[in-house]
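What follows is one chain in structure tokens, specifically the form predicted on its own.
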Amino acid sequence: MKIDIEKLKKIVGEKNLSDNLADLYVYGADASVHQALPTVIVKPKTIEDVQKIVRYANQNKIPVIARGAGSGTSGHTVPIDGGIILDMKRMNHIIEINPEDMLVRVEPGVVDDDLNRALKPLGLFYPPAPASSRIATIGGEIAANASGVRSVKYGATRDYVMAMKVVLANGKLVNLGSNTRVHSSGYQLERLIVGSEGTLGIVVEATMGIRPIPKYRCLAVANFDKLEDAGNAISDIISSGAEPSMLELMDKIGIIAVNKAMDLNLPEVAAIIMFEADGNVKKAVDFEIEKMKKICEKHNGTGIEMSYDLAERTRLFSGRKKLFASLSRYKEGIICTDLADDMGVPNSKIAVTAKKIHEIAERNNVIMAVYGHCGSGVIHTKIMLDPKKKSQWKDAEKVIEELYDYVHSIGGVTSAEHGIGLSKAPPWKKARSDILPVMRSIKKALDPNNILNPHKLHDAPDDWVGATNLRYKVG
């Protein structure tokens, strides 16, 4: 692919561009199993920089892939056809914090935790924070419609996007949305951009809603000897009208992994539920916690601990916080892969889905953990396998197909918060074949030359293993 490197250097400066092979290798992968080398990495500083780069790319039909921290788990920013990786991390300014209107204006490279550090002295916070909030950028979270442990009460990124500035494929800058909480003024195109994984436009500024930090938070932990009991307790909590601010699940595989990695000495029961309530009136928080505690006890939950103390809450939550990073320690010779990793299911189906995941894994010779933000219906799974064995990747393909067929059959969705990218595209396309032509029409209208993150979502390859290089040496 022929790219005028000198022209791009004039836009961003020589220090903010690289076609060095080592850099290309690093930027050719995200947190997924996929890898493909870009042609060049370009680091814009201003909206005008982005516009100039995109105009040049569009004129020459060169792929442009906007990238935040590269923490996406499904191959969202892997450049199948090479092209320009647009590293947005230099655009990292918090432009405005407006407590009166309860909003912030930020550039896309602002890191989630940095934003919350700036908001905390004002008694405010930005709630969606995913597990990767230490590195994840707001632009990337918008691209995937990310959410986190408190999504059961506070929702996902889409619920906080009020307005944004977007550079379209032709280089034109458009202003979407408004600074008001609601609007009924034409198509809400800002919501279309959320979750579009960089395929429709490049977000260069976002106006996001914020919330007051609750005065009280109480976290509790309950142990279960049966995974089904834990799943039923979660379903019961949600249907009871209780208002948890967090409702998390860890299965035995996850518990064993964090014990090995962190020496936490957690009871190695079938499952642990973590539930939290928050608010500004302690009696109200007490009421919610007690209500959820009784439901857990009804479903055979034991050893229940609870605390308002920050240090104690941090201790209780530490295993769940570091679970993903710990899973590769579960067994010697395996790795933890993000493949079938964040399906969403109706709350009434959590228990049966958790059981089904373990059945499918055992039948196909892989190990799978079950955990996640189950109060929102989000079930995280990780396929753990020996990456050197080609047969294990074949087993993983069988697991993915069988698991998603089941999830879709019970009214679930392919991805609840991580997005589709490459890894989950085949089962998603199979389940949503009715909307693919509509999505392709929208893509064609906004990006007729198909330069913005091509081969993703509706146009992703059907063979997720062969679409790119795997980041592992397979025998």
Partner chain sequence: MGVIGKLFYYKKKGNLKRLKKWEGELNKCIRCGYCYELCPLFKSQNWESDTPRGKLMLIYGMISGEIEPNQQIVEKLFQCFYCKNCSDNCSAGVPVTDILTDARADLIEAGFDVEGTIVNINEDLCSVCGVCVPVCKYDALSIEKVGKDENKIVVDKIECRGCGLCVAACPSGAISQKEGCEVTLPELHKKVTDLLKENKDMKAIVFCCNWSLFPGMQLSESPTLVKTNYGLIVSMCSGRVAPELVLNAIEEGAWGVMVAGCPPEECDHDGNYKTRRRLVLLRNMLKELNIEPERIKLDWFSTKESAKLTKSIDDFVKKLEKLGPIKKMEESKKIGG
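Quick caveat, the model's predicted, so the values are computed rather than measured. Positions refer to the first chain, counted from 1.
One more form of this protein exists, namely the form predicted together with its partner chain; it is left out here, but the text below deals with it.
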property	result
Residue (of K398, R211, K388, K291) lying close to its partner chain in the predicted bound form, criterion heavy atoms within 4.5 Å	K388
Contacting member of V413, V26, L436, I442, with respect to its partner chain in the predicted bound form [4.5 Å, heavy atom]	V26
Partner-proximal stretch of 298-306, 168-176, 104-112, 152-160 relative to its partner chain in the predicted bound form, 4.5 angstroms, heavy atom	104-112
Its partner chain contact in the predicted bound form: A118, any heavy atom under 4.5 Å	yes
V407: touches its partner chain in the predicted bound form, heavy atom cutoff 4.5 angstroms	no
4.5 angstroms heavy atom contact with its partner chain in the predicted bound form for L227	no
Partner contact for K15 in the predicted bound form: its partner chain, 4.5 angstroms, heavy atom	yes
In the predicted bound form: members of 124-155 within 4.5 Å of its partner chain, any heavy atom	A131, S132, R134, I135
